[in-house]
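Quick heads-up: it's one chain on its own, the form predicted alone, in structure tokens.
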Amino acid sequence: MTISNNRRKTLISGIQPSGQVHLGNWVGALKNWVRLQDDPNYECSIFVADYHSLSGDYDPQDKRRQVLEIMTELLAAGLDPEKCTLFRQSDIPEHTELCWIFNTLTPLSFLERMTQFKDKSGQQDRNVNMGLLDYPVLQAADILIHHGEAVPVGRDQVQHVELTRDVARFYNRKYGVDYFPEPEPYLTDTPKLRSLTDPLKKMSKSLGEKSYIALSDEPDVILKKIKGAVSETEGRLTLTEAELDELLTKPLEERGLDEETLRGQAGVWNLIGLLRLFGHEGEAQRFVDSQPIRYGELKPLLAERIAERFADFRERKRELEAYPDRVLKIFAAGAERARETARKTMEEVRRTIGIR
């Protein structure tokens, strides 16, 4: 199958159901997905990556609720089933079938050098399972089974797209076909949001509820989390953002500053960055220009602006939660559309590899 250049490119991405969507997810992914569904150059598919989420530590009794919640939040965030295809990964078993075939083509050495495997193994050192290692191959199957040509990612995820391109080449060369496209990363330069409790790390659910702000957090919860955010005690910016980022790329012994000082600087810049994103024009710079920063003014203002920005999201989520069957039907309909492509792909793959 040769991809024609005179039609919309297939763009595909996914999100794991591992808890509430937070500001980092919004800035890094959802905001762009909502924008891209209106881009005439792309045919967008967004899926809930529930198979992927099984490789992490989780409570099986909670997984079903997490899946429904992320479906609800994707719709509340503005993804429109009339503009993009929304589906649940496990509704299309062809994804895992293609993953196995790709496993037979992918060198182990390629997987062992993936940085995410190293990172996630460190986070759950008592559960270093095969799924963590094989995650990028399933991701390649997720993309290629729908002949994805563009994958919206941040720069830290480019390595996974490169592996998907490798897998497409391995398949095409082995079987002498020009079937799978080599997808391109659709790079999205997004600000790095830091954990509120440990700003030397990125905002993540794995660091606990106090470390992130969920889009569905009520105003009083947002204010409480912002008030508890780690910051520089005297309100002084002794490092520029560029200097801070450069120092954090260096080994600890080469930084020249103690970790507590760096954490404080990272924390206050995180608050300023959040106000740049969600505040009114000029508000963040006003605090930078009038040091020492008055946290008693900055933190309540930031909490108010974030609460304002996602007020509509919270309302839409409440409306959708009242009718969970509607949410499930939307994703089931999307899965049926997506599975048409997946079935056709697997029929061709089975013939090509010689098992049909």
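Since the model is a prediction, treat every value here as computed from it, not as a measurement. Take the two forms, find the largest set of C-alpha atoms that superpose within 1.5 Å, and that set is the rigid core. Note that residue numbering begins at 1 and tracks the sequence as displayed.
Absent from the display: the form predicted in complex with ligand AMP. The rest refers to it.
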| query | So in the model of the complex, does A266 come within 4.5 Å of ligand AMP, heavy atom to heavy atom? | reply | no
| said: Is I15 part of the interface with ligand AMP in the model of the complex - any heavy atom within 4.5 Å? | reply: yes
| task | Determine whether any heavy atom of D156 comes within 4.5 Å of a heavy atom of ligand AMP in the model of the complex, and answer yes or no. | result | yes
| request: Would you check, heavy atoms only and a 4.5 Å threshold, whether T345 touches ligand AMP in the model of the complex? | output: no
| field | Candidate stretches 225-233, 141-149, 257-265, 199-207, one within 4.5 Å of ligand AMP in the model of the complex by heavy atom | value | 199-207
| Among the candidates L132, I92, L193, L271, the residue which, in the model of the complex, approaches ligand AMP to within 4.5 Å (heavy atoms) | L193
| field | in the model of the complex: members of 15-34 within 4.5 Å of ligand AMP, any heavy atom | value | I15, Q16, H22, G24, N25, G28, A29
| message | Given a superposition on the rigid core, I'd like a yes or no on whether F278 shifts its C-alpha by 2 Å or more between the shown form and the other one. | response | no
| request: Establish whether a shift of 2 Å or more occurs at the C-alpha of Y135 between the shown form and the other one, with the two forms superposed on the rigid core. | output: yes
| query | Would you say L187 moves between the shown form and the other one, meaning its CA shifts by 2 Å or more once the core is fitted? | reply | yes
